[in-house]
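Here's a solo chain for you in structure tokens, the form predicted alone.
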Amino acid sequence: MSIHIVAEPDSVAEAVLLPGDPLRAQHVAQTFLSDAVRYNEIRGMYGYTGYWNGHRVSVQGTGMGMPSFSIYATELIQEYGAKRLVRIGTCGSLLPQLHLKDILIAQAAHSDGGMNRSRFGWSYEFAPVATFGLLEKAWRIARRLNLPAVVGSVFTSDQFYDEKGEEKARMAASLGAMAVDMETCELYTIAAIKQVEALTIMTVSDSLVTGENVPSEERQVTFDSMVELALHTLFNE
């Protein structure tokens, strides 16, 4: 058992979905999985393992931000043998062509965070990118399912409330970032270090361009197309 995921070693599948919100993890387990068993509830951060189309899969809440995400992703890989991790979350659009409830498949992550500088020092700049095999499958499946999906870069921010947020958002957009989130950079970095597969698939919940947003109470249960895409991608179906 690890410190934050208190479960038996065989409780977690090799394929894991990673929503930030533990209630979204609960919704995914109840809606998409058969024979789902909750293996973790420490700190209210629910984790479940069940079956989708005969495939064993887990879904684990991670909380918000790179430090919290890092704890759960690291323990899943190191202690429970997770091999393929797909973040299913929300993001804020930075560009007018990315609309509410569109799906963004993140190919790479910019960041203002300090975690990689702490890891690699000031003399080495790591480029966090998705696993191409998962990225290509997600794009192909999204087209087959006729989903409103695009592939692009994301800006992973260390701060939600940031006095320089507007300035950073403009810079990120000018460099091609389509949306802002708070976890993808850490997922892609950990995956590279631990040599596992990783992908972020997100639904647009807010627009930094228009100020529109999807109400919080809807976010837990209205983004099922993203979950369906992630499951198809994990299992080539």
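Predicted, not measured: the structure shown is a model, and the values here were computed from it. Numbering starts at 1 and follows the sequence shown.
Missing here is the form predicted in complex with a small molecule; even so, the following discussion is about that form.
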| query | finding |
| --- | --- |
| In the model of the complex, residue 49 touching the small molecule (heavy atom, 4.5 Å) | no |
| Contact label in the model of the complex: residue 181 to the small molecule, heavy atom within 4.5 Å | yes |
| The small molecule contact in the model of the complex: residue 160, any heavy atom under 4.5 Å | yes |
| Contact flag, residue 90 vs the small molecule in the model of the complex, heavy atom cut 4.5 Å | yes |
| Contact stretch among 33-41, 186-194, 200-208, 54-62 - heavy atom within 4.5 Å of the small molecule in the model of the complex | 200-208 |
